[in-house]
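Form predicted on its own, single chain, as structure tokens, below.
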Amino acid sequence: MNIKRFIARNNQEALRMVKKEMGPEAVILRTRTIHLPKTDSGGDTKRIEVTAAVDYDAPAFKPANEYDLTGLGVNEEWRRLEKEIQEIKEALFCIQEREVRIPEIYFNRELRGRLTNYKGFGLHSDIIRRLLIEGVEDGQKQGKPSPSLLQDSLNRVLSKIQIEKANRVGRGRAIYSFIGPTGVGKTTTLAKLAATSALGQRKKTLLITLDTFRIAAVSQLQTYARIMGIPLEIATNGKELKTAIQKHGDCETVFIDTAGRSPNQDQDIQELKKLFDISDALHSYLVLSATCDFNNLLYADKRFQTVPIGSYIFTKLDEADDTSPMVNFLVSRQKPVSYFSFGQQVPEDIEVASKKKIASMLLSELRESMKNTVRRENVYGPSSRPTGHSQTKSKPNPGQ
């Protein structure tokens, strides 16, 4: 391998120097900002240092003016330029994502294919980096990408997401509480699951509400309870909550609604923790909206962990034009997801979480990413190939 170091005023100049001296086969191993010693004349001493490498076995770089631009030489020159542009795009992307610190990726087509897939899935750069490092540690060898590369990339992501198993609280009575920020749809979600329990599974079901702050919150649950033919209790503190649960000891399933709490209010969250010191059978759902961004989801989860959280429920999937923040959140968390809710109809618009559903979301993100890439190339790239020779069209391979 031939490795050289280049110093330039900016990234564009550095890439031109690499291309001119080492050719389009060169790859960027490292980039960093350095400061040259100051001189008497002053001036900017900030420079970009780029370390590049080229394999000894790669064909010698041939300047563009040495190509035969007649006949088949035109097509050869076209392919060379396409490859050169692709290499520059990948180098710039990796500089941006700091993947230049993992040189193994550049010399491993399979890992580079995974990088493309992970990016298409909409994964966060830190998660992509972790998955790629695991790929390197798995001893992936350089070679032609496997036909199942997309499936393998998908499986690696799904393996990081936990799905809640059935019979989550064991045998006997099950008590569920629904907590989370304001406006995420906790009451509607509770009603959907209560209807499934009471009407679908024919279980004796109890509703309890602690939400006496929100206007019409109690009347909303009273309407649901009347339609389903199940009891509703109102509690304002921990003592009343325990009394309500004991009063309906014959109910197999108990659903507890709470008022929405701001993640910034420590006192409110501490009150929730005291309220739910009631039973070992309690399973608390943290209800979150799929329309939130990744950082807000992480922040809410961190703040509500004061209350022992059993699993997550995501709502408003029908309102989310991008589900990648939710997927990134689930990949980065250690707790499972239980349900996905996607509308206002009770009890229809909810489903048990599954990896099949998440895989569908990831592939949808990938398809949309590929469409956007094609649109950008149509706008900024060449509109057509040179004419005069037949070209074989091929479908894009997301793993390449």
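In this text the structure is predicted, and so the values were computed from the model without any measurement. Sequential numbering from 1, following the sequence displayed.
Keep in mind that the form predicted in complex with a small molecule is missing from the display, and what follows is about it.
For the chain shown alone, D211 is a contact residue for the small molecule in the model of the complex, at least one non-hydrogen atom being within 4.5 angstroms. By the criterion of a heavy atom within 4.5 Å, E319 is counted among the residues contacting the small molecule in the model of the complex. Heavy atoms of G183 reach within 4.5 Å of the small molecule in the model of the complex, making it an interface residue.
In the model of the complex, the small molecule stays beyond 4.5 Å of every heavy atom belonging to P347. None of 352-360, 22-30, 339-347, 46-54 except one has non-hydrogen atoms within 4.5 angstroms of the small molecule in the model of the complex; the exception is 339-347.
Scanning S311, Q162, T187, T253 against the small molecule in the model of the complex with a 4.5 Å heavy atom cut-off leaves one residue, T187.
The contact with the small molecule in the model of the complex, taken as any heavy atom within 4.5 Å, belongs to G260 out of P325, P263, G113, G260.
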